[in-house]
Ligand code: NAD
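Shown here is one chain on its own, the form predicted alone, set out as structure tokens.
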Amino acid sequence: MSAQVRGNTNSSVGSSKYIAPMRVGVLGFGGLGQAAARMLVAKQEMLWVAAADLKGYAYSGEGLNLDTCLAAYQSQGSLGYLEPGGILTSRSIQELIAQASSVDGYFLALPNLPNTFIASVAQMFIKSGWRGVLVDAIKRTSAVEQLLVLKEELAEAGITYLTGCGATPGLLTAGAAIAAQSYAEVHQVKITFGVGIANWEAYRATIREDIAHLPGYSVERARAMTDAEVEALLDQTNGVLTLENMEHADDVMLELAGICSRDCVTVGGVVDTRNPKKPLSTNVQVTGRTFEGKISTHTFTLGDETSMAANVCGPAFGYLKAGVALQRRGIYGLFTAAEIMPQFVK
């Protein structure tokens, strides 16, 4: 992966000693963005100062108030209605970047619909002159490949970008990279996830992205579906989506990290949109051959009590903290969750 190093490189990447909390923004304020904000307000090492949605943004150098932000969004449909600090605009991301120059890093809790959207957001940051850390929880291989095209531009712009840093890709991909160390050769990485949510409307964009993986569907078709059409589809499946052989960026990330070729990686799972209980346990299985010639499988299973939001937002902020440490050493460019170890955010 491409990276440029400038400035003082004597400080420790693993250092968690900061003069002040990291100033963090969240782009996107749907189900995932709201969960990210809830997680941030409990952190001492990070201060939530900025957020944007489709119709507006909010910024406060002293930190945003979760309750008032949620009230503005849920009652009027946008953070732009927040008083004070809210701005209504159709160019929310660009204007927020311009106003909030002191933000250390952003979590892109954005729907990648269309499939070029995250790359287009990265280009906004490149063109803005802002220097800092970006983290996404992107899913599709093709979306990560679009970011790979921008890796040199990101480095030149002084941006440290960590991609694929949610649950899968992300937490499970990193787990696979660690598990692979037992083997001389990795034969297969199989990721299986179970997601349970009480109401699909809380995660509309995420569910649409999942629908796009179903046979006969595409990103464009899923994006164009009305809420009524989504509900009709879910009625046909009793609220359950079964996904197999998904186009998931775990494959390209593990290939780039030298773990195995992408065709050795498979991702699938079950999403229950009407029950918060997971339909099955999320896990990654890594099969390989040891140096003694033995074939074995490591299995890393996530606790059923951990929600999708916990398993996506937690790693995202852990990677953001790691990215800030890299940024402060003058290390810029594009990295994946399989290359960098996340740091726990207190």
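The numbering used is simple: start at 1 and walk along the sequence shown. The model shown is predicted, which means the values in this text are computed figures rather than measured ones.
Although it is not shown, the form predicted together with the named molecule is what the next lines describe.
- Message: Please tell me whether any heavy atom belonging to residue 246 falls inside 4.5 Å of a heavy atom of the named molecule, as the geometry stands in the predicted bound form.
- Response: Looking in the predicted bound form, residue contacts with the named molecule do not include residue 246, since no heavy atom lies within 4.5 Å.
- According to a 4.5 angstroms non-hydrogen atom cut-off, is residue 312 in contact with the named molecule in the predicted bound form? Although the named molecule is absent here, residue 312 would touch it in the predicted bound form, with heavy atoms inside 4.5 Å.
* Could you tell me if residue 163 has a non-hydrogen atom within 4.5 Å of the named molecule in the predicted bound form? -> It does not: once the named molecule is placed as it appears in the predicted bound form, residue 163 has no heavy atom within 4.5 Å of it.
Can you work out whether residue 80 and the named molecule are in contact in the predicted bound form, taking contact to mean some heavy atom pair no more than 4.5 Å apart? No, residue 80 is distant from the partner.
Worksheet item: Considering 192, 115, 206, 146, which brings a non-hydrogen atom within 4.5 Å of the named molecule in the predicted bound form?
Response: Going through each option in turn, the one that passes is 206.
message: Between 138, 174, 96, 267, only one gets a heavy atom within 4.5 angstroms of the named molecule in the predicted bound form; which residue is that?
response: Of the candidates 138, 174, 96, 267, 138 is the one lying within 4.5 Å of the named molecule in the predicted bound form.
Okay, which stretch from 52-60, 317-325, 296-304, 282-290 lines the named molecule in the predicted bound form, with non-hydrogen atoms inside 4.5 Å? Every other range fails; the passing one is 52-60.
Between 87-113 and the named molecule in the predicted bound form, list the residues on our side with a heavy atom within 4.5 Å.
Stretch hits, in order: 92, 93, 109, 110, 111, 112.
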